[in-house]
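Shown next as structure tokens: one chain only, the form predicted alone.
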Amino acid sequence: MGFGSVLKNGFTRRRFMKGALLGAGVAATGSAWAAQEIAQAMATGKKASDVRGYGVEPGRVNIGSNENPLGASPRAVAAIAENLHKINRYDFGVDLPVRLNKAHGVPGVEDFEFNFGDMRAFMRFRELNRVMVTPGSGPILQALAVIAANNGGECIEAVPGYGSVARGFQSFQMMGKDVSVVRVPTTADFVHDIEAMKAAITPTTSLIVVTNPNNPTGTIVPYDQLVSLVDAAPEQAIVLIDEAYIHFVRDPNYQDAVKLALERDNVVVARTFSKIYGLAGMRIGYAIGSQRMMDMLMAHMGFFGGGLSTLGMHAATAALDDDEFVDRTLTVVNDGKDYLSAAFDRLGLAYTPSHGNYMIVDVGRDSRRMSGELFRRGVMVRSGSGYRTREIDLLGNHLRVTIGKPDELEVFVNELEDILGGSSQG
């Protein structure tokens, strides 16, 4: 039914919201894995046609894009429903940056109340603000690549790794800019080799990237090593720490890099609402950094809200309070990683323990062909060969598997075992 038909047929705002909230509740319910369900998982023989993931067409298991398997935060969905009829109005998006400053303990904002009509309040917030909100975290990475490559320079990024900033620098190379890219191989355990990255630094280094937890390997860099990397960076170099998956780190004592970004003048932390809050389709991200870094980003991206939509702003603000959904997501993701670990052990496959909502597994053969065969069977995963350079391909035999719902992972393991010929050890 089109929106015009909705209005013509008297589909009221009350009815719409009731349906939206009901859908949000269903999408967030995601049953926890009981021990008995895990033990019986391999006995059912489920196929992709037997399951339906949230936001996926029937008959397809999409566990290739690191999305939230439980759908979106119900509070975010409710906020979208509440504000859907306001999209004819401009929203300059100040509430979310203020909330994020407070959530990350930025000094001076504890009791700050923004008055958009008061220019003094605007200028005061600009002095205090350490957050730039953007339509996804991707624009932050792109903007920093532009800033760092503007006068020439060098980008250092790990391989295998997300590689987005390195690709940005390479596009400047294609345009004739005097820039270069250094991809530093990870250790044998697929952890950022911080000492090797430090050794790669030169006086022309302008941007250093650490994705932490790393995508696609799920490994993390200890805080003290991040500090040592920042200490080794030239004064003009920006250090970007991409924490898209930081919420999934299983070590309760792990220290994120926000404190480092607030204390150092050349460090930026990037975050996203796409993963833990299930808002990938809304495209909501943000950067945390010093006033110098915020001024740089604002010069390239505009106002504090960075172009985020009205609905995205309300959705993200509401999601920040959805602790119940976050806890449910972490339970499903952690249980899912434990389930896959047990399955890979049974199949005799090497894998890397992960602090993300995904895992990599060595399937012992060309992962492109393996992912293609799984796709034909209705299961979408990511080939590790997508994280290579011309010279370095450390994951050519690896698959990256997003943690899905229990039945989605069950289908994946069933199909994987069938492709491998039913061979198992133990």
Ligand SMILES: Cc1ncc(COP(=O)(O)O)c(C=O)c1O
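What you see is a predicted model, and the numbers here were worked out from it, not measured in a lab. Numbering starts at 1 and follows the sequence shown.
The same protein also has a form predicted together with the named molecule, omitted here; what follows describes it.
Think of it this way: in the predicted bound form, the named molecule has a heavy atom of just one of 283, 75, 328, 337 within 4.5 Å, and the residue is 283.
With the partner omitted here, the residue from 219, 274, 266, 186 that has a non-hydrogen atom within 4.5 angstroms of the named molecule in the predicted bound form is 274. The chain is drawn here without the named molecule; in the predicted bound form, the stretch among 105-113, 130-138, 170-178, 199-207 whose residues come within 4.5 Å of it by any heavy atom is 130-138. With a 4.5 Å cutoff on heavy atoms, residue 310 does not count as touching the named molecule in the predicted bound form; it lies far away. Although the partner is absent from this view, residue 215 contacts the named molecule in the predicted bound form, with a non-hydrogen atom inside 4.5 angstroms. When the named molecule is considered in the predicted bound form, residue 354 lies well away from it, no heavy atom lying within 4.5 Å. Among residues of the shown chain, residue 162 is one whose heavy atoms approach the named molecule to within 4.5 Å in the predicted bound form. Contacts to the named molecule in the predicted bound form (heavy atom within 4.5 Å) from stretch 237-267: 242, 244, 245.
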